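Heads up, the chain below is alone and in the form predicted alone; it's given as structure tokens.
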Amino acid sequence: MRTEGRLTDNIDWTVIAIYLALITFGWLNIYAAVYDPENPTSIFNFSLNSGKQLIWIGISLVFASIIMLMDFRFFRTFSWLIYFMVIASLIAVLFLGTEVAGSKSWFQIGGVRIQPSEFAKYACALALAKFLNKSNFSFRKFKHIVAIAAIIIIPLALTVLQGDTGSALVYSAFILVLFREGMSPIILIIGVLSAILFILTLLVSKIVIIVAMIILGILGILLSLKEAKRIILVIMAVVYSIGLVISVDYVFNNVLKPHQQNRIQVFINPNADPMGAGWQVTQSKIAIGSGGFWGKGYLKGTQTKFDFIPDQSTDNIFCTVGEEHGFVGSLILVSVFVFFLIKLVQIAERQKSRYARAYGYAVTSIFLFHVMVNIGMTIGLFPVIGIPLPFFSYGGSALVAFSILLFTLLKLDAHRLQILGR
């Protein structure tokens, strides 16, 4: 173990500056989203989402400060304890939780609602890093693969049972962590191709796709005549693809809920139901497009002020940016998030332990998924799944959880020279 200088000398202040800028501009945009020009009130009014968010910002900064003052070994030592405590809370909310917008994901404590699933992503990142850090860990050991799958699938399944499929989908981002730590890219490729095939099946006749799969399979076999293993792999790939194509209708009609079916149909055909399921995406694009190059100006957005867009201060906060700050403001915000993600990758790569590196990539994966999907769904590039834009959207649980997630990484990074590499 090596010694190092003062803690403040080793903290990545650039990331903290980005964090403070995002929560500040997020707060200002939350106020813009709820601002009523006919009845203007202060941004500090605690009956507004902007006033409530200011309280959550204060709470988040307290948690961030506590984390930076804690012993950095706490997180590795208690990763499993944190994981199982959060799993217990995910189970408890199924029985004791309050249902909001169709999801039973909230504990109601007085006037405050806490969403355990937001903290479950953090706990899963810690547990995953802890397991990957085992001295004898190997992706070639079947029992280790099963254990990793269980670590990810248990909170994912409990989140689905709450009716919050959007938050559950975030766990798919952990595949990037596994890929970085040595998992075969084949699984990542299969996952992406499966998603593409699923969407394609909804657009094109199944017979056409199946025939195309068979033709590609025959070509693959002809090119692999001297290698039995390749022929078997080609046959397995064709059988899997055809099975996936055949099962799409069953999954779509019997597994997905009606509102999820509507979101996928609207994603495939934005004009399918413009006054119903397509309303949100249509109005989001109108708001962003109406901002033009420079935007309409702060507090001057018309789409946002007259409630054309649902969840304006939460999941659709990016619309406010697009309408009031235009293409330039949107580009700056996206650029800040891209720079932020690049910094997180740099932090993850410079870690001396596998635990900290895996955790760093888990943090990066979670933020990447949220930023990409949240902004993508407001402009019609992704189906609407209702997840927040980190540090920008209104929501106490999300803001506190994102802050804990980030500052735990910054704490590990500040002490990286005290940890022996392996």
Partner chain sequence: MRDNRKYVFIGIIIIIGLVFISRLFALQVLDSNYKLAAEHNIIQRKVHYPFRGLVLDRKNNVLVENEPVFDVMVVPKEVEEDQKDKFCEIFNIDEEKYDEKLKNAKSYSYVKPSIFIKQLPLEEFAEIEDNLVGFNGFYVSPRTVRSYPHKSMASALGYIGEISKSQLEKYEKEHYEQGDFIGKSGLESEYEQELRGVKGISYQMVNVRGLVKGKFKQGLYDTLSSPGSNIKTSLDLELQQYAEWLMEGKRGSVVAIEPNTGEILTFISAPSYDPNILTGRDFPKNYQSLLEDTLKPLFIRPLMSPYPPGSIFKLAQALIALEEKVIFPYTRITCNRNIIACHGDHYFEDLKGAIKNSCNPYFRETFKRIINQNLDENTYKDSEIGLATWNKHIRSFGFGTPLGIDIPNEKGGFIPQPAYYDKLYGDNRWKFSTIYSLAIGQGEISIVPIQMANLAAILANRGYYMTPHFIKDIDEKESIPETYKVRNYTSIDTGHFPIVIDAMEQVVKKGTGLRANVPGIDVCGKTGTAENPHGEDHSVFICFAPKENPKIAISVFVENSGQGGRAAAGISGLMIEKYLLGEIKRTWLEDYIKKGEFIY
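Residue numbers count along the first chain shown, from 1. All figures in this text were calculated on a predicted structure; none of them were measured in a lab.
Although not depicted, the form predicted in complex with its partner chain is the subject of the following passage.
A single residue from the set Q162, Q283, Q115, S79 has any heavy atom within 4.5 angstroms of its partner chain in the predicted complex; that residue is Q283. The single contact residue among S172, S194, T302, Q261, judged by any heavy atom lying within 4.5 Å of its partner chain in the predicted complex, is T302. For V334, a non-hydrogen atom is located within 4.5 Å of its partner chain in the predicted complex, even though that partner is not displayed. In the predicted complex, no heavy atom of A149 sits within 4.5 Å of its partner chain. Proximity of E181 to its partner chain in the predicted complex falls within the 4.5 Å heavy atom cutoff. The closest non-hydrogen atom of E227 lies beyond 4.5 Å of its partner chain in the predicted complex. Taken together, the three residues P185, F308 and L341 all lie with some non-hydrogen atom within 4.5 angstroms of its partner chain in the predicted complex. Figure note: of the listed segments 85-93, 102-110, 204-212, 288-296, the one touching its partner chain in the predicted complex, with heavy atoms no more than 4.5 Å away, is 288-296. Residues of 132-165 that come within 4.5 Å of its partner chain in the predicted complex, judged by any heavy atom, do not exist; none qualify.
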